[in-house]
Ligand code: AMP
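Shown below, as structure tokens, is a lone chain in the form predicted alone; questions about how it binds or moves come after it.
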């Protein structure tokens, strides 16, 4: 059978699907080019049979056409992050056991050596596509569609596998809850290796038959310029982006401020997620834009689970109630459901919940309790609304909308020749939610500046994982069992 996403696109015909800085693409364009890419990927085969295809392409039409081409050829899409250094890209490609790597020419020098070393087929998006589209396979909804890598408490990122049915459930739930229609036009400024950008924005827009306007990268002035054109209906971002937009607005001339605020008022919905939204940011944005941001809660493994209402009262500091077709409960340490007003771990069940961690059956089994996914997030229900209290694990840091593992960062930092021991923590921060900070015990008679440290770390870690503050100390605080006490480490950064 044809995937519903493809069938629905076929019905849209010449309606606009993707808008980039220099061109507009119709749904017909997207179907034609993705069909050509699927043919190229198949290379004479009848079906990729869930082979993993890793791809590194900036935000834009080529990204979408490649993702759809992978799905239409029967493959599993493994999107890579444009800001990741070689070790992180190599880890994902190897862990997913990708059989094909697709790259934009600007990433050829980075990815080609990885592909060649592993004898993986390598394709550049600049290569000539087949003129004729081959017969494409029937792709059932139960097939694996996507692997997104997310940091876990065990250190190295795990591949979160979702099926086409999982994606359909996530998307249709949001389309119902947030009132998507073919008349919508959304500005896409989010990373496309992350569920927020892939599902909530891109796939929801294309499922609805709407227009997705894509910027190649986030730039506050460019976003405000697009908002000023006054033809958008939706905008979704992380708190860090809203903080940057506020800063840019405050620097603007008075007449431009008035024009931008008026243009904002023309949008029907603005959403914030992927990290806790500081109340000060929410209130300042409301003053500037007239919008009380809709805050929601979700994660890579479950899609979105909770949301403030499209219509009706939204509450600052709360993430609302369960979305359509999503079950949510709070449980205590024994796994027993707790009554309203009592804190507990969020557990989620529903058709949008992921299939498995890629090739990690033990981790998958451990993540579920009686069919409920254990999120590791702590919350409380007050007046029928959920309020997130934080992570159960101190080793997960949420910074700028990303969830990162302190253990993974520590593992990388230990490779530095001057670092004897280290402890990485998240410290509360107005702009980033949490700032990644590292306490370091250096080798004898060594010194390390923040600038030199960060320059070194960027060779091993994505920039958002690199600590922005460091402290050099004589020894790490430990408990009676010799275990590093992370709360005590975090307090070192209070001064």
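Positions refer to the first chain, counted from 1. These numbers were taken from a predicted model, which means no experiment stands behind them.
Form predicted together with the ligand: not shown, discussed below.
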Is residue 297 near the ligand? Define near as a heavy atom within 4.5 Å, in the model of the complex. yes
Spell out, yes or no, whether the shortest heavy atom distance between residue 170 and the ligand in the model of the complex is within 4.5 Å. no
In the model of the complex, does residue 256 come within 4.5 Å of the ligand, counting heavy atoms only? no
Quick one: does residue 166 come within 4.5 Å of the ligand in the model of the complex, counting heavy atoms only? no
Partner-contacting position among 112, 143, 391, 244 - heavy atom within 4.5 Å of the ligand in the model of the complex: 391
Tell me, out of 409, 212, 236, 319, which residue has a non-hydrogen atom within 4.5 angstroms of the ligand in the model of the complex. 319
Contact segment among 187-195, 118-126, 353-361, 70-78, judged by heavy atoms lying within 4.5 Å of the ligand in the model of the complex: 187-195
Closer or farther: the C-alpha atoms of residue 408 and residue 90 in the model of the complex, versus the form shown, with a change of 3 angstroms or more? farther
Which way does the C-alpha gap of residue 407 and residue 274 go in the model of the complex, closer or farther, given it changes by 3 angstroms or more? closer
